[in-house]
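Encoded as structure tokens, the following chain is the form predicted alone, with no partner shown.
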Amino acid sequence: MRADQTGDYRREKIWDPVIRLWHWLLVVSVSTGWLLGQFRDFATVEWHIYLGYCTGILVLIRLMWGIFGPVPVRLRTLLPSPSQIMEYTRHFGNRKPSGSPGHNPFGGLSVVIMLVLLAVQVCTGLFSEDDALFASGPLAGWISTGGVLRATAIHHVVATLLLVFVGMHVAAVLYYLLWKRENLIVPMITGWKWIRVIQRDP
């Protein structure tokens, strides 16, 4: 942020320790789990399953923290209204920090999409099967063979969607850093974020 912009912003403690730790644990769990899933073998397939459990637990923690946690991480703050999205879109190309007091409308939607994709991935993983490695999810025996095949197919499709979505997420972070001059990484480490004093021009 440039020195001439600091008068329009103030630093506030936005992200609490729980959400910051959760974020980085999710990065490790999802990225490692995805890699072990794509390049799995007899030695790593069990670890892929264990990381799936970890990701599922993290999703549940996020949902619970979205109910009982601080205001910036509440689930209700993640779903912007159509008017908020339209207003934010109008100024999205401006070359200055948005200074949103939490997730901006796009960021909130991305969290929701990510949680939905991860929930689907974890749930389908519980019923999936890999015949080549003689491995299956713990609940695969509870449903029909056709159900297992469908769950496995969805599991593979969502894995690709997650890769695309994570790539878009990284691209968005770089866009904010390089174009809008807003570092979104440091606040997720320290908790402190620059907030626009007057929230009129995102």
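Each residue number is its position in the shown sequence, starting from 1. The shown structure was predicted, so the numbers you read here are calculated from the model rather than taken from an experiment.
The form predicted together with protoporphyrin IX containing FE is left out here; the points below concern that form.
K.L.:
Considering protoporphyrin IX containing FE in the predicted bound form, find the one stretch among 71-79, 84-92, 122-130, 97-105 with heavy atoms no farther than 4.5 Å from it.
P.N.:
That would be 122-130.
K.L.:
Are 62, 66 and 116 jointly within 4.5 Å of protoporphyrin IX containing FE in the predicted bound form, each by at least one heavy atom?
P.N.:
No.
K.L.:
Heavy atom within 4.5 Å of protoporphyrin IX containing FE in the predicted bound form: which of 135, 173, 143, 57 fits that? Just give me the one.
P.N.:
Contact residue from the list: 135.
K.L.:
Just to confirm, residue 169 within 4.5 Å of protoporphyrin IX containing FE in the predicted bound form by heavy atoms?
P.N.:
Residue 169: no, not in contact with protoporphyrin IX containing FE in the predicted bound form.
K.L.:
Would you check, heavy atoms only and a 4.5 Å threshold, whether residue 38 touches protoporphyrin IX containing FE in the predicted bound form?
P.N.:
The answer is yes: residue 38 has a heavy atom within 4.5 Å of protoporphyrin IX containing FE.
K.L.:
Do residue 156 and protoporphyrin IX containing FE come within 4.5 Å of each other in the predicted bound form, heavy atoms counted?
P.N.:
Heavy-atom contact with protoporphyrin IX containing FE at 4.5 Å: present for residue 156.
K.L.:
Do residue 53 and protoporphyrin IX containing FE share at least one heavy atom pair within 4.5 Å in the predicted bound form?
P.N.:
Close contact exists here: in the predicted bound form, residue 53 approaches protoporphyrin IX containing FE to within 4.5 Å, heavy atoms only.
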